[in-house]
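So this first bit is one chain, no partners, the form predicted on its own, shown in structure tokens.
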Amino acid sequence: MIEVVWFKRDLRVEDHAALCAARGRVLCLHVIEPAFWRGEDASPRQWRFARAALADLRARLAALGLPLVVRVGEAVEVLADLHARHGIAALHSHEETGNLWTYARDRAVGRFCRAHGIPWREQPQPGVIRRLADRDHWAARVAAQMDAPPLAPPRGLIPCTEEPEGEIPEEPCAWNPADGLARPQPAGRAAALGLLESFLAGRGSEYRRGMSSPLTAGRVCSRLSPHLAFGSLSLREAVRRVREGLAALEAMEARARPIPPGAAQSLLSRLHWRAHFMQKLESEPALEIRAAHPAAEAARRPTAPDDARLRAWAEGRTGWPFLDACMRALIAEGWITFRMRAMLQAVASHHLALDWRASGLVLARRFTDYEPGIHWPQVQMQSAATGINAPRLYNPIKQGLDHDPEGRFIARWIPELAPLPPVLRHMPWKGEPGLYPPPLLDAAEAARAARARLAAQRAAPGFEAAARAVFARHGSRQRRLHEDDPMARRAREAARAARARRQLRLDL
């Protein structure tokens, strides 16, 4: 008999509760599932990162004396074969907050285990609570998870050596491996830890100021997202290391600090919000395909995959240079900063009136760090489909002027516009109309039409009551309904308190 540790999106040996729970003869398993990789939201760039992380995991398990057995096929069939030949005494894995495909796969694995009397011991992923009754105590429970020390890699496990390891294939299924990725981000545990340390050592010094602009974000942001998505690093490990770094920064003299404490605090905040959004999909998996608010769902109109506007947007051919440059950068690099992700999705949903599911699938495939639990709630938020967030209509021209005032980012990704003066790089139709395709439509008029659609939707009877139900299920308890920026509210409250203290000193 053997105990199987099933590695999914947790490709590490550190802080791995499932590996630590295994006893007896242990077989470490990863199943490459072609049906998953043929899904609408999967892409070669994601596989390329996962493949490198798998190779790294194999080396790290080998250092513990444990082979990593890799099989290609359906999970239930692979487990059935192992059970028939060895007998599975227990199956260990982490809970997975994935897409609907993985949700259905896990239900099938559960049925298999029950039918064969195999206990399946699923361990929670730090930051996500399965079967959460309500959001009221979620933050406290997650804080307790984060306060617990990360688990050390187990020692002395007895490996099952009868199974050949199996090769990690070049491709998981028959597909076109070229998807435009020119500069992949390095994968593996060492790369993840290196990013974390370099952020704290100085790379994050301009984090707050530079995180929004595509000119600076690639350098100053943590860039941990794909490592967290594929599990080379656990969320708890990241939180703990940033907390340690923050404590060290606060103990230093200000002039000796490599980064300001506020940068570490901001990164901690974003790690917290990562868990917050993961919990949304964990609590309601259908958010991948259905709008959170019933009025937004009723208003949806499907967008065909060959829709001309969808294709122009997806290929960076909208005629709005800054938006097109962002899409082209994303195609080439597999990553772009959050503010630009929000703009891309919002323009697709509001200005171009595309169904959020269609544009969301395009972005899912483009993101190396695609994490369903973050992606689909964010897609809905930027598309005003939640009913609990204020609609965000990003003007693609203004965003460019704000975050790329000299047009340097535009010139990099749309070189034919580089000879123009900076302002005309953002609006080439005002200078040389034939140099670049004109915008698909007038941005101001499209925004007015979108606001009118949203206003009519929100004025409908029952909208507010339904929004309150959505908020009760998914809303952060750090804010109130329709309040989108709790940090701004806390900053205003702190400013008022500071003014009050100054007034008190004057009175004395």
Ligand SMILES: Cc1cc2nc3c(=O)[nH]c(=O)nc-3n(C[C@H](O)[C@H](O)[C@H](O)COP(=O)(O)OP(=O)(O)OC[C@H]3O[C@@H](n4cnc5c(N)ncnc54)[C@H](O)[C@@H]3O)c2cc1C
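Worth saying up front: this structure is predicted, and the values here are computed from it rather than measured. The first residue of the sequence shown is number 1, and the count goes up from there.
One more form of this protein, predicted in complex with the ligand, exists but is not displayed; see below.
Visitor: Is Arg223 close enough to the ligand in the model of the complex to count, meaning some heavy atom within 4.5 Å?
Guide: Yes - in the model of the complex, heavy atoms of Arg223 and the ligand come within 4.5 Å of each other.
Visitor: For Asn99, is any heavy atom within 4.5 Å of the ligand in the model of the complex, or not?
Guide: Residue-level check for Asn99: no, no contact with the ligand.
Visitor: State yes or no: in the model of the complex, is some non-hydrogen atom of Phe409 no more than 4.5 angstroms from a non-hydrogen atom of the ligand?
Guide: No, Phe409 sits far enough from the ligand in the model of the complex that none of its heavy atoms falls within 4.5 Å.
Visitor: Is it the case that Arg130, even though its partner is missing from this view, gets within 4.5 Å of the ligand in the model of the complex, heavy atoms only?
Guide: Arg130: no, not in contact with the ligand in the model of the complex.
Visitor: Select from the listed residues Thr318, Gln382, Ser234, Gln279 the one whose heavy atoms reach within 4.5 Å of the ligand in the model of the complex.
Guide: Checking each option against the ligand in the model of the complex, the one that comes within 4.5 Å is Gln382.
Visitor: Counting non-hydrogen atoms within 4.5 angstroms of the ligand in the model of the complex, say which of Trp413, Tyr370, Phe112, Tyr436 makes the cut.
Guide: If I apply the 4.5 Å criterion carefully, the residue I get is Tyr370.
Visitor: Select, from the options 325 to 333, 372 to 380, 186 to 194, 157 to 165, the stretch whose residues sit within 4.5 angstroms of the ligand in the model of the complex by heavy atom distance.
Guide: The contacting stretch is 372 to 380.
Visitor: Is any part of 269 to 305 within 4.5 angstroms of the ligand in the model of the complex by a non-hydrogen atom, and which residues would that be?
Guide: If the 4.5 Å heavy-atom criterion is applied to the ligand in the model of the complex, 269 to 305 yields Arg270, Leu271, Trp273, Arg274, Phe277.
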